[in-house]
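Before any questions on binding or motion, here is one chain by itself as structure tokens, the form predicted alone.
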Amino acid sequence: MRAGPSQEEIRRHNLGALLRHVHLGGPTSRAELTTRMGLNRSTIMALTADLTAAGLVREELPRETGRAGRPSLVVRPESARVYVLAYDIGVDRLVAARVGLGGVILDRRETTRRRGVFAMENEVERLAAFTGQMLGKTRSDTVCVGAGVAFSGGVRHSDGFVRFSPNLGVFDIPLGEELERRLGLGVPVVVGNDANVGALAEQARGVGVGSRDLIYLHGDVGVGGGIITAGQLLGGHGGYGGEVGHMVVNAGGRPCGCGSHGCLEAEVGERALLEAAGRFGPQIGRDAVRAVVDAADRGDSIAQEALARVGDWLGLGVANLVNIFNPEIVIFGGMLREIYLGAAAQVRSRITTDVLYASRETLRLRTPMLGDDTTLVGAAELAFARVLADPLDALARVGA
């Protein structure tokens, strides 16, 4: 029979929990931390002292209290000192950022990428160059505690190995290992599917805060999904769960890059919309999708019909997901944000007719609060996970 947790294990857990409160909630008073964590004041004081000594937080007097008596000290994350590196690798863009504890984007670099096969060595070199530029501007007392990557494809969660990415034309590449080797910073590089990390970001910092059951749908040429149930990301046995873009909604329909036909991705993706609108050509990407939505708003009947058709298939896919997972909120991110805003009536109509009443009565449909940075923020949260789980051990591992 295993004994209960030791005092040291409890202390480490509480250090991580307190740091998480400050990381996600921002500057928080000792008194509020006492209430949130259910611990006494002396324990909170000891925990904040340990985190302060480690350089993870600082304590200061509140700017204004409006109350009589001695004010409770405010605990703030050391955002300028402790940071992670975050990367977003999409079909059309590469983004690198330095993100401070507390979620503050301290520096960033972004560039477009030509569509086509993802040449890992070349793309990693570009990200490493961006990183070198950002690190060259940091103070000598700063510490990097990890790196996270959002990638448009199926990622093995155990080691960041990309198993498949039809829209980037690659299969079985050791992305996490290669980026870690090229950066040479001695910090772990965690890789996640872009829709999965988008779901985590919107739950932690966006429109899904407070929700334990949500679905985040991300469009970036293809369609992916991040599903959170009972507060936990649905990853599947190997980490490939949530590939909702390859759920068949139209048997025998449009061909999909995965080799099947009638997948949600094939019926609602960028190409499906642009072809239906008669606009598939040199202009592609998010701007081309926005142009169709704008044309529909101005009364263009062809654009309206294309958007209605794609919106109907999107609604059918969402209806299936809602019936299976009973989420509190569905979030439409990436390219799907524009499509949903232009075809909300069709999506809601499908939900009304095809979703069980008990599952739809409290359902909310939303767009991301974090906008185009949703997946980048999610990559940063992947990288922060280790320091939030065991702050002192994570710092020791990077030599801080």
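None of these values were measured; they are calculated from a predicted model. Sequential numbering from 1, following the sequence displayed.
This next part talks about the form predicted together with a further copy of the same chain, which is not shown.
Student: Using heavy atoms and a 4.5 Å limit, would one call Arg98 a contact residue for a further copy of the same chain in the predicted bound form?
Tutor: No, Arg98 stays farther than 4.5 Å from a further copy of the same chain in the predicted bound form.
Student: Wondering, does Asp354 line up within 4.5 Å of a further copy of the same chain in the predicted bound form on heavy atoms?
Tutor: It does: once a further copy of the same chain is placed as it appears in the predicted bound form, Asp354 has a heavy atom within 4.5 Å of it.
Student: Would Ser79 count as touching a further copy of the same chain in the predicted bound form under a 4.5 Å heavy atom rule?
Tutor: Ser79: no, not in contact with a further copy of the same chain in the predicted bound form.
Student: Given that the partner is absent here, does Tyr240 sit within 4.5 Å of a further copy of the same chain in the predicted bound form, heavy atoms only?
Tutor: Tyr240 belongs to the contact set for a further copy of the same chain.
Student: What stretch, of 135 to 143, 286 to 294, 159 to 167, 88 to 96, brings heavy atoms to within 4.5 Å of a further copy of the same chain in the predicted bound form?
Tutor: Correct option: 159 to 167.
Student: Sort through Met369, Leu39, Leu365, Ala345 and report the residue having a heavy atom within 4.5 Å of a further copy of the same chain in the predicted bound form.
Tutor: The option sitting close enough to the partner is Leu39.
Student: Taking a further copy of the same chain in the predicted bound form, which residues along 8 to 31 bring a heavy atom to within 4.5 Å of it?
Tutor: The stretch 8 to 31, when checked against a further copy of the same chain in the predicted bound form, contributes Ile10, His13, Asn14, Ala17, Arg20 at the 4.5 Å heavy-atom cut-off.
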